[in-house]
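Only one chain comes next, encoded as structure tokens, the form predicted on its own.
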């Protein structure tokens, strides 16, 4: 229905303006989506191995490249940049031309960007498994790969901004604002975390690094994810956005607030008290953009929640909004000094981070992929039941993972704060938590398998449809 209405509007615009209909090739979209889903599957295997190492520490311990110190950076970078950011870029290449009423500015530049991005990801796999790393959180890639990331991002940014500059529709929908913010903020955040840190030492370097780590989520994946949510929720539900004004309040408050929050990861550390207080204050202020977004998106489908039953993209999208709300309630709360003294550096933090990257933003990316697959390959989705299964595997595994690590992390923090408990006893006590983490990871990987197979089968189904 949504596509029919969109086609009717496009036909009406063509009749009034006399403009030629826009035919989207979507080759860049296909390259980014298919490669990102492949990395999602591969890095999912690595995630299972890492989770198993918590339960069985001797697993593959004699093979250097399979040790925790090498696999963990590969898992983090693979999920963030091989899967999620690459998928977001593919979806951005899909929605920006459609929101602008024009073709992508340069399909050739888009394909070159996709090729370079795959070179970067494959280079990261080799370098990190070989132990070539900068040793900084989320910024482990060697300098040559960092330079290539900058080049690829410039190519991506030029293509998107030129498409927006040549747009047919003058009014810019909120998703375009978030996409432009993503491009600019990513450039600032990535340069800080991967280059500025090279010219700092000690506490200053740590402060820059945590500014990068926290804003990698807040100013890279958050605006990209919200751009997708604002586009695909109205499209999937065939309902208008509740409030464009509220969406802009959320955008500008996010732009103002988020950049100052990174230092809350260093509370009770050797940084200035005033800097800690500023980080806490701005962390609490995050409630403003979060509630603006969540209220807007919930109000958009008010009275239509029943549509989530059979609508898989909408089911992923609205579940992602709930996880986004929970994530951004946790963040301000554990930035408070009293709470931070318990949960900081515990398993609570991985639980929180995974709910943001997997539960919120990956759910948005998966939903967008399911939505556009039949449209870019011009063939029905291979299996709706398999899509439903992928949702329930992700949801059940994710909840088991998140909740177990929150509870286990809080318990872990209480033990650490008791000097009468030897540290090794706190490690042994977490054994059951890590076992649940492992089996929850198996469920999430089952979701990845269902999703990846569905995507591949749908892509191959394009040939069958053409032959028929």
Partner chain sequence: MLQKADTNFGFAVGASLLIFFIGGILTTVVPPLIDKTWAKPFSNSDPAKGITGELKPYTEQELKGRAIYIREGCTYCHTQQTRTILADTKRSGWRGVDSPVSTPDEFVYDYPHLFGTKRTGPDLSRVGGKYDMQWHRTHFRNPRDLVPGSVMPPFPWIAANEEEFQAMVAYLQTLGRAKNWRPDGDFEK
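Numbering follows the first chain given and starts at 1. Keep in mind that this is a model prediction, so the values were computed, not measured.
The same protein also has a form predicted together with the partner chain, omitted here; what follows describes it.
- With the partner left out here, the partner chain still marks one of 79 to 87, 135 to 143, 295 to 303, 360 to 368 in the predicted bound form; by a 4.5 Å heavy atom cut-off that stretch is 135 to 143.
- Only one of 288, 333, 353, 164 comes within 4.5 Å of the partner chain in the predicted bound form through a heavy atom, and that residue is 164.
- Though the partner chain is absent from this view, in the predicted bound form it lies within 4.5 Å of a heavy atom of just one residue from 407, 443, 427, 27, which is 427.
- Taking the partner from elsewhere, residue 436 is found to have every heavy atom lying beyond 4.5 Å of the partner chain in the predicted bound form.
- Contact annotation: residue 269 falls within 4.5 Å of the partner chain in the predicted bound form, judged by heavy atom distances.
- The closest non-hydrogen atom of residue 175 lies beyond 4.5 Å of the partner chain in the predicted bound form.
- When the partner chain is considered in the predicted bound form, residue 345 lines it closely, a heavy atom lying within 4.5 Å.
- Taking the partner chain as it sits in the predicted bound form, the stretch 191 to 225 comes within 4.5 angstroms of it through a non-hydrogen atom at 197, 198, 200, 201, 202, 203, 204, 205, 206, 207, 208, 209, 210, 211, 219.
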